[in-house]
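Subsequent text provides structure tokens for two forms of one protein chain, presented individually as structure 1 and structure 2.
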Structure 1
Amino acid sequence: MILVFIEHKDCVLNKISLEAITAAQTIGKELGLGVGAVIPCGNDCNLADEISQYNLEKVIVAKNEKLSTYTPDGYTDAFEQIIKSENPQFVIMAHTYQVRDFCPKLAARFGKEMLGDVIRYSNDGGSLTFTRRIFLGKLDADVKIEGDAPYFVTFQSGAFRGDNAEKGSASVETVDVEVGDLRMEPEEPFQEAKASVDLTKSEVIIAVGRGIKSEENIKIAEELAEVLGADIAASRPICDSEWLPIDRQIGSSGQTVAPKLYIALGISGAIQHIVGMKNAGTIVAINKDAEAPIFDIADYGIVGDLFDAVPVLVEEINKAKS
């Protein structure tokens, strides 16, 4: 059996869990294993019916009122019991911030570790090899897990398609789980000063990264944005330095965008940035470092100094428009 974790808040599904279902179904088919979904919840969970519409052996609601809000202690205790009763070969999850928070703890409780942030796998006669990105996306690593089951594997967003999750029908089982003392008290999640810019609707985005070097240089990118009617965005270091406000940040902790055109200026392409923009229609990368991972996903690349390239771009675009 493969257990797949269903992430939700107040019984509203985090859609990335559908990608985890697809991953579990795909691997399950190859290895001849059924799939069970696990939903930790404070009540009988309104989400259970929705998840039972997928091709699963069963949906297990791990129920305890201490699970009504996520905590690493609560989720680990709940999941531990389900694993002990189901004895899964694999525990598969989507690599979200919540999963990063509790999955390694859960794995450690079984004397294991998490094989995290996997982008793809291959199957050689039932022996799986998983691929992870390392060195901020500059290299890939093929990895095997040793030892006995259960194996804890998390997949990066986009490794599988959620809309490929196979439909079917599953029975729903509610299990009252025991949860020990919670050593952390959560408050209500909130959004900081509602983003004033909604970059998800932008047609064209000019994004700047560390290669822009200083706050004063942002205006060079702004000139390009102006002639293209584009919005300005940035990678995390730029917003951390407060050269641009946080609502301009693209990536796992910022906005996820899919504009028609995305021009990355001096952005190396760390995985945390790429997950936020890889679905752009056309990606242009300008970077001094020919090895920068951003070039792996770019449609057009210019290896060179952005301070040379951008003024020429502005001039030529102006010419082309007139």
Structure 2
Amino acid sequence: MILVFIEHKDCVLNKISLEAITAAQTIGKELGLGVGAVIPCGNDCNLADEISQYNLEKVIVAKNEKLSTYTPDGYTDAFEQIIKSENPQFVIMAHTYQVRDFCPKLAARFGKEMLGDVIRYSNDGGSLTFTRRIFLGKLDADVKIEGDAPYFVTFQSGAFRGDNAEKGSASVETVDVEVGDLRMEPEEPFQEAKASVDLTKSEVIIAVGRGIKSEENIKIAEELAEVLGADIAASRPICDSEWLPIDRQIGSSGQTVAPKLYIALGISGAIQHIVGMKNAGTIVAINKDAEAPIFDIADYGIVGDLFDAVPVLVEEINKAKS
């Protein structure tokens, strides 16, 4: 069996967990393993009915009042009991801040390591090789997990698409779990000041990176944005140079977006940027470097000079409109 962690707050689903379901279903089909989902919850869990609409063997609600609010101690205690009961081969999670907080602690309970931030995997006769980025996305490392199960794997946001999670019907099982002393008391989540530009609501985004070369050249991206009715965004170096305001920054230290269309101009695809836009419906990348990491996640790619490609795109879009 494969167990999937379902992340939520007050029974409101963190939709990145659907990506973990897709990952587990995909691996499960290849290895002939069933998939179950685990939801830690303090009370009767309304989210269980929603998750049960996916093609899973069962949905397990790990119930204890101490699980009403996330703590690493509470979640680790709960998952340890469920894993010992279900004896899964894999425990799969989305690589969120919460997961990277408690999953290493959970894996250590079983004398295992956590293989984190995986971007893809390959299957060689039932032997899986996982790939993760290292050195700020400059290199890919292929990793095999050795030893006995369970194996703890977390997938980077966007490695799988949540809307590809297969629908179905699953039974719901509530398990009362024991949770020991909690050594910390969580505070209210930090709320960032509201950005003057809310790119999370944009349906089309044109993002520029170092390849734009100068502030004056941003007008080229603005021309494309105008014909597409898009918003302008940027990678961190552009905002650090003050060519665009900070509220236009996409990435781990900026906004996280999921537009229908994301066009990346001169963006290499450092992991800090990718985590902020990987959930876009369609990703188009234009970059002179054929080995740029952005092409690994792009649905469509143009290897070439953006100063040649963008004017042609603008011209062709205008022709299509007329």
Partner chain sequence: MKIIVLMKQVANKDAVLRIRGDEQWIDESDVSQQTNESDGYALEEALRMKEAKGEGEVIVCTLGKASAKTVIKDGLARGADRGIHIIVENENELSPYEIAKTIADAIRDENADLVFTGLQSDDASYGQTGVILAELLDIPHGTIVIEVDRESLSDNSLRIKRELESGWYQWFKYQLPALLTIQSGISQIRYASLKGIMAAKRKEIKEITPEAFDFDASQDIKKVYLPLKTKQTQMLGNGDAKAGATELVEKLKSEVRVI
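Rigid core: the largest C-alpha set superposing within 1.5 Å between the two forms. Here, a residue number simply tells you its place in the sequence of structure 1, counted from 1. All values reported here derive from a predicted model rather than from experimental measurement.
- In this pair, the copy labelled structure 1 belongs to the form predicted in complex with the partner chain.
- When the rigid core is held fixed, the Cα atom of Ala309 travels 2 angstroms or more between structures 1 and 2.
- Once both forms are overlaid on the rigid core, the distance between the two CA positions of Ile297 between structures 1 and 2 is 2 angstroms or more.
- In the core-superposed comparison between structures 1 and 2, Pro150 has its Cα shifted by less than 2 Å.
- Superposing the rigid core and comparing between structures 1 and 2 gives a CA shift of 3.3 Å at Met277.
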